[in-house]
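Quick setup: one chain, the form predicted on its own, written in structure tokens, and binding and motion questions come after.
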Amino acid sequence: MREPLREIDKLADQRRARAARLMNRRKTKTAYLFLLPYLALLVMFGVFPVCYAIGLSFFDTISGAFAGLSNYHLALDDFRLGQSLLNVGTYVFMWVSLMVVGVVVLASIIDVMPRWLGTTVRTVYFLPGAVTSAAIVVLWLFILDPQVSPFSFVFSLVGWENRFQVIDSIGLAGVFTLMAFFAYAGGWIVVMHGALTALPGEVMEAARIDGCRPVGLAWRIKIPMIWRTVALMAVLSLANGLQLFVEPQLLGLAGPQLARNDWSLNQLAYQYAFALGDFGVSAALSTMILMLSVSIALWIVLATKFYRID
């Protein structure tokens, strides 16, 4: 009697396992179906342009002949490259540092606010992110002008009388850092809020019962638990910062004294392509910027063991 029952149970288990496998396959197919539009756009506007630029970097686009590594040599021998690299490096260091510290601190403060107030503050911070970079540059040209700026009283205290004195005192890297922070911080504050909201409530409650105050709770409990989100923000901010172009390119609107067409690495690549018509050197310089960004990002990922499963 027991043998037939065992066979029946075994068949039932096999049917359940088969049904589970079929369900998993359907879920996998559905997931890939949702990913398909993104993958198509990624190939069209991400993978293909990168591969095309890498291939183009090995050709002399003026004569149409294969150039090997000569385009890379020409780009590296450009006397403007070192200063541009220093400019962008200074800007990236200032911006990533400000983003990591500023966003984490602001998100932690907003997290302990009453819900209605926290939602309002997050919305206020998020709104500048809906404005394009070009519009932000124009807006900041007014903010940095002591004659029309709402912060003119601050500028008068330190003796800054015109826009050029303000920009010269803060420095171009500092100005671009402020522009980028107020443009992108709001979006990352929303992301940090999602990460903080997902933290287990029992852990927070246990810490409060043990006498942990809000500052200690944020420093010792919350931030260590969302470090992957912070690392992701640092990597993406780094990649975005190395591609700086719009801000220095449009700063010439403030006057010819501030017009610079080789301040950033992307500006230098733009000059090669559209001022000199040498798309090969431009592609080589762009490829080196990409490799630099990927190398630093991989170093951060490996150093922080970003994909380690706890």
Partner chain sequence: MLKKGTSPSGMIVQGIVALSIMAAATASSVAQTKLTVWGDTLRVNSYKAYDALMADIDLDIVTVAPEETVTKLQLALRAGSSIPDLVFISDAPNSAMLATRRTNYLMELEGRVDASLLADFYPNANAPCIVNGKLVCLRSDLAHNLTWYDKPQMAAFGYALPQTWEAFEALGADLAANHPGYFLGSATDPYGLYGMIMAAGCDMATPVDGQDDTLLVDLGSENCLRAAGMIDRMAANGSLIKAGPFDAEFVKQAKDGKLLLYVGPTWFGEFILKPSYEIPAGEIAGALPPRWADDPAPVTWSFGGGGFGVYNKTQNADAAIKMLEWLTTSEANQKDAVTFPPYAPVTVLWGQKLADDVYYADDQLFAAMETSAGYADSKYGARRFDMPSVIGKIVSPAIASGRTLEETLPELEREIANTARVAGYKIVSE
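Source: prediction; values computed, not measured. Positions refer to the first chain, counted from 1.
Keep in mind that the form predicted together with the partner chain is missing from the display, and what follows is about it.
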Checklist entry - in the model of the complex, which of the stretches 260-268, 30-38, 237-245, 43-51 has residues with heavy atoms within 4.5 Å of the partner chain? => result 260-268
Item to check | Non-hydrogen atom contact I209 with the partner chain in the model of the complex at 4.5 angstroms | outcome: no
Checklist entry - Can you check whether W219 is within 4.5 Å of the partner chain in the model of the complex, heavy atom basis? => result no
Next on the checklist: Contact with the partner chain in the model of the complex for D111, defined as at least one heavy atom pair within 4.5 Å: yes or no?
Outcome noted: no
Next on the checklist: R163 versus the partner chain, in the model of the complex: is there a non-hydrogen atom within 4.5 Å?
Outcome noted: yes
Checklist entry - Within 4.5 Å of the partner chain in the model of the complex: all of L56, T61 and A273, by heavy atom? => result yes
Next on the checklist: To verify the annotation, which of these, L127, A198, V105, V148, has a non-hydrogen atom within 4.5 Å of the partner chain in the model of the complex?
Outcome noted: V148
Checklist entry - Going by heavy atoms, what in 80-97 lies within 4.5 angstroms of the partner chain in the model of the complex? => result R80
